[in-house]
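One chain comes next, on its own, written out as structure tokens in the form predicted alone.
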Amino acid sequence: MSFLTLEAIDKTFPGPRGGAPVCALNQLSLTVEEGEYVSLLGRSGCGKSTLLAIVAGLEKPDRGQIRCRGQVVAGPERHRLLMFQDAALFPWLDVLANVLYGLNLVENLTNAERLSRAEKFLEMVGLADCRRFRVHQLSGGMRQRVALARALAPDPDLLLMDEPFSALDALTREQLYADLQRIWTETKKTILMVTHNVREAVCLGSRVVILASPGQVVADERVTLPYPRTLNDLKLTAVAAHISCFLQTEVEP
């Protein structure tokens, strides 16, 4: 049994101002194995974020079923955590308190154990020396590092990431790519990430799944390049060019 299974998922939203309904997902099926890093790639409006929200349990499909570790996904819970494009940190808390807040989801931990785990993940994202900083004192990249530490600290089975780097400058993104590859290699966490950036998808993902309107999988490519990867690697550029062909045509490969 696969770690995550989506079976014939349909999702339609009401049209704006009483217009025609909008089909976000159409008979979409997908499996993800434990420990995979799957990049969901596609143009705006192809249903990527809707799919992520359904896996997180924040939206319900009209038809179809989602299972994680064999259990039907019926709503949000701590073993499937969603990291947004906006870091969504609490500005009245310092860095350490923001990470500790995520650990409130974990039962049967002492305060000392929560503190130890929060400090461990701040160390992992390179912010151990910034634990007492306030949110307004952090750069955009540092805020995303805090958000990543907060998402990882409760030890979710599945980490969902919705375009987590799109608001950052190019240099900051590349540093975070390196950090996330290292963290994924260390933790072997199962990750499902939405992006519209082809090279980002290839740089990070062990698989790249391409969606096209109306919410269907048109390609599923395994990326066999060794880690760590960099955007300027010629082999990575070649794989990205190959995958871009599917985006340009949006037809069955």
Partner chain sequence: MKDRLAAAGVLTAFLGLWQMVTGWGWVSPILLPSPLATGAYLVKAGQEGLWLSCLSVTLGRLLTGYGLGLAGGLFLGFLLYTSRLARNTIGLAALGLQTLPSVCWAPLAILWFGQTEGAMYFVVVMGSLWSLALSVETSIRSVPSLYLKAARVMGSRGWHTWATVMLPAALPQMLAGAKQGWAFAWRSLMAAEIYVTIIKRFGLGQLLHFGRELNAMDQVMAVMVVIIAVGLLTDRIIFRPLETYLRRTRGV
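Positions refer to the first chain, counted from 1. Just so we're clear, the structure is a prediction, and the values are computed from it rather than from any experiment. By rigid core we mean the largest C-alpha set that fits within 1.5 Å across both forms.
Missing here is the form predicted together with the partner chain; even so, the following discussion is about that form.
Enquirer: Would you point out which of 26-34, 220-228, 180-188, 53-61 contains residues with a non-hydrogen atom within 4.5 Å of the partner chain in the predicted complex?
Expert: Selected stretch: 53-61.
Enquirer: May I ask you to check whether residue 89 falls inside a 4.5 Å heavy atom distance of the partner chain in the predicted complex?
Expert: Residue 89: yes, in contact with the partner chain in the predicted complex.
Enquirer: Hey, in the predicted complex, is residue 126 touching the partner chain, heavy atoms inside 4.5 Å?
Expert: Residue 126 lies outside the contact set for the partner chain.
Enquirer: Classify residue 145 as contacting or not contacting the partner chain in the predicted complex by the rule of any non-hydrogen atom within 4.5 angstroms, answering yes or no.
Expert: Contact with the partner chain, no.
Enquirer: Test of understanding: in the predicted complex, would residue 113 fall inside 4.5 Å of the partner chain by heavy atoms?
Expert: No, no contact at 4.5 Å.
Enquirer: So which of 82, 176, 168, 138 reaches within 4.5 angstroms of the partner chain in the predicted complex, heavy atom to heavy atom?
Expert: That would be 82.
Enquirer: Can you list, in sequence order, the residues from 104-129 that come within 4.5 Å of the partner chain in the predicted complex, counting heavy atoms only?
Expert: The stretch touches the partner through 105 alone.
Enquirer: Once both forms sit on the same rigid core, is the C-alpha displacement of residue 162 at or above 2 Å between this form and the one not shown?
Expert: Shift of 2 Å or more: no.
Enquirer: So that I can tell if residue 95 moves, could you say whether its C-alpha shifts by at least 2 Å between this form and the one not shown after the core superposition?
Expert: It does shift by 2 Å or more.
Enquirer: Any idea whether residue 22 and residue 86 get closer or farther by CA distance in the predicted complex, knowing it moves 3 angstroms or more?
Expert: It is closer: the C-alpha separation of residue 22 and residue 86 falls by at least 3 Å in the predicted complex.
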